[in-house]
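Below, in structure tokens: the form predicted on its own, a single chain.
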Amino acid sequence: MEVDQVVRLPRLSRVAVCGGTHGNELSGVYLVKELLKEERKVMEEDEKKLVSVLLVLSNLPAMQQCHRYVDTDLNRSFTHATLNDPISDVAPYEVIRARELNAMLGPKGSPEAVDLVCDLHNTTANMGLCLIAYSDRDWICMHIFRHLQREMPDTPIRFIHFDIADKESFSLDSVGKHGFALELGPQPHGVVRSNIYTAMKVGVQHMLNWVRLFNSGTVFEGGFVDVYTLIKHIDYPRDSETHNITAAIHPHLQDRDFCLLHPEDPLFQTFSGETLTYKGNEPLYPFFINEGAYYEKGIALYLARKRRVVVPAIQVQPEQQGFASKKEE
């Protein structure tokens, strides 16, 4: 694929912005609530630009309790099997809700699915603003990412690629034809920080503005994106009998998300004071370092390889644009 080759893609008629998939990640909760207050104005503006914006509060009971979830993690409930296998009368609330959201925004993998899902999340890790997607060849998501980088130069912004097959993709954003999680941190769960909320609000505004530009016929020039592809995760050291953790993230690693971790670099510090080093065979980039919600999942951090992806120029398909062509420098 060449940078200058223009790829023409269908118009993004319907965009879903979702908050509260995790009920204690409060930037998305409060942002969607705020957008719902302004929904009439938003709808009027978007109607002129031929895009419909659907605002969704994904997990109301978890939001009311300020918990990540009620019975099970909603953002792990959108695999093909969970959405389609027979369901029992005692199914977890989030499995039932996942099917409701799939009916509302999907069905996943169908022509009827919304064109783009942006699901809003917070992390306790020092990750800045990240777009997390299942494809490193989704040019819509890649160009939105590049647009955010241009429009928010003072915010560290990265693209994370979860290389997972479609049937195994597990999160709400996978229901749309295109989709990504917009992850922002650091912010404690159950807390809203003004700077993190504001960065999320600005990011969503720029994302929607990009969709309007795309639908109006703007040509977005090609370029390059640095992609962090998930390779593996590492659990905390644990006691073989109790399974309790026996160490914390080493102080030299804490808050250093996306800083290259080399073999033999400090990784953990045991509660007795011993330093445990990284025993991998290659340098990798850590992220979600010491994420508070991942203790229950047995994940101390993820590790990724970084590589550069060529992104072609894109434009809405001519028969659908309905506007004079413009070019973005």
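Numbering starts at 1 and follows the sequence shown. Bear in mind that the values here come from a model prediction, so they are computed numbers and not experimental data.
Another form, the form predicted together with another copy of the chain, is not on view; read the next lines as being about it.
> Quick one: does G190 come within 4.5 Å of another copy of the chain in the predicted bound form, counting heavy atoms only?
G190 belongs to the contact set for another copy of the chain.
> Is the gap between G292 and another copy of the chain in the predicted bound form 4.5 Å or less for some heavy atom pair?
G292 belongs to the contact set for another copy of the chain.
> Just checking whether K297 would be counted as a contact of another copy of the chain in the predicted bound form - the rule being heavy atoms within 4.5 angstroms.
The answer is no: K297 has no heavy atom within 4.5 Å of another copy of the chain.
> With the cut-off set at 4.5 Å between non-hydrogen atoms, does R212 touch another copy of the chain in the predicted bound form?
It does not: once another copy of the chain is placed as it appears in the predicted bound form, R212 has no heavy atom within 4.5 Å of it.
> At 4.5 angstroms, heavy atoms only, are T82, R146 and R150 all close to another copy of the chain in the predicted bound form?
No residue of the spot touches another copy of the chain in the predicted bound form.
> Tell me which of 110 to 118, 171 to 179, 249 to 257, 227 to 235 has residues with heavy atoms within 4.5 angstroms of another copy of the chain in the predicted bound form?
Stretch 249 to 257 is the one.
> Of the residues T72, T198, S216, T155, which one places a heavy atom within 4.5 Å of another copy of the chain in the predicted bound form?
By the 4.5 Å criterion, the partner-contacting residue is T198.
> Pick out the residues of 300 to 318 whose heavy atoms come within 4.5 Å of another copy of the chain in the predicted bound form.
Heavy-atom contacts within 4.5 Å come from no residue here.
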